[in-house]
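Read the single chain below, which is given as structure tokens and is the form predicted on its own.
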Amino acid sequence: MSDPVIELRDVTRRFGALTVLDGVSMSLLRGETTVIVGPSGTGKSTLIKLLVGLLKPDAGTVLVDGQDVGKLGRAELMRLRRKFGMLFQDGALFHGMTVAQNVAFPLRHHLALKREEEERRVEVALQQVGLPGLGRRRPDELSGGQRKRVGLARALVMEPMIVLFDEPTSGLDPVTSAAIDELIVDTRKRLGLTFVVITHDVQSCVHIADRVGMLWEGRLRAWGPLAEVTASTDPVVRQFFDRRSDGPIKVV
């Protein structure tokens, strides 16, 4: 069994009188893909911000690679964040830059590499996501799926330990979504990284997840291996995976 690379121990986070996360505990194993699901407003984005130290818990502990994130100083946080790559929901590409310049952006911001090494790492990252030789194109010359791949290349170029995905299949048609899911599965296997994915896409979750956490009203309603969670008889969990409701998830 793999060792935990991320641990949340009874984590609570409030914004004023609103409790967004309430006593959440989970261990995310090294080399696995953990998918976090649940309705909007249940704390998924807050959880990601806690992992990288953009927020601190009001109670409980967040450990990343053995480090207590809430106790790290500014310099230590900067070093910790280099262990993370991030694929944003909309790709967050700079349209005035080429694909290669977009992928190279974090290298130029964090490292002082020679031009040859920077170009090598950019091309390796583009090859890893199936876009070799497209470095000179601009984002507006690419399809939606290709832009997602460029975003993933940028997340990988710093050679992170953990990659965070915010709705990786959002806005894509079913065929392209399935291709992105395959890319996520293949990349994780080839590189041995730890992936944490936020998604509302039930099909994507079932395809890519090793482990699933479902947040509901700030609490961890379900947590465990994919097969265990999808077999749950909890009505809230069932409603999500069976997609029986077009409205808010409710206890039935």
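Quick caveat, the model's predicted, so the values are computed rather than measured. In this text, residue numbers run from 1 along the sequence as written.
Quick note: we don't show the form predicted together with a small molecule, though the next part is all about it.
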Using heavy atoms and a 4.5 Å limit, would one call Pro39 a contact residue for the small molecule in the model of the complex? yes
Would you classify His200 as touching the small molecule in the model of the complex, given a 4.5 Å non-hydrogen atom cut-off? yes
Look up in the model of the complex whether Lys44 has a non-hydrogen atom within 4.5 angstroms of the small molecule, and give yes or no. yes
Tell me, yes or no, whether Val237 is in contact with the small molecule in the model of the complex, where a contact means a heavy atom of each within 4.5 Å. no
Just to confirm the contact call: exactly one of 26 to 34, 187 to 195, 44 to 52, 203 to 211 touches the small molecule in the model of the complex at a 4.5 Å heavy atom cutoff, so which is it? 44 to 52
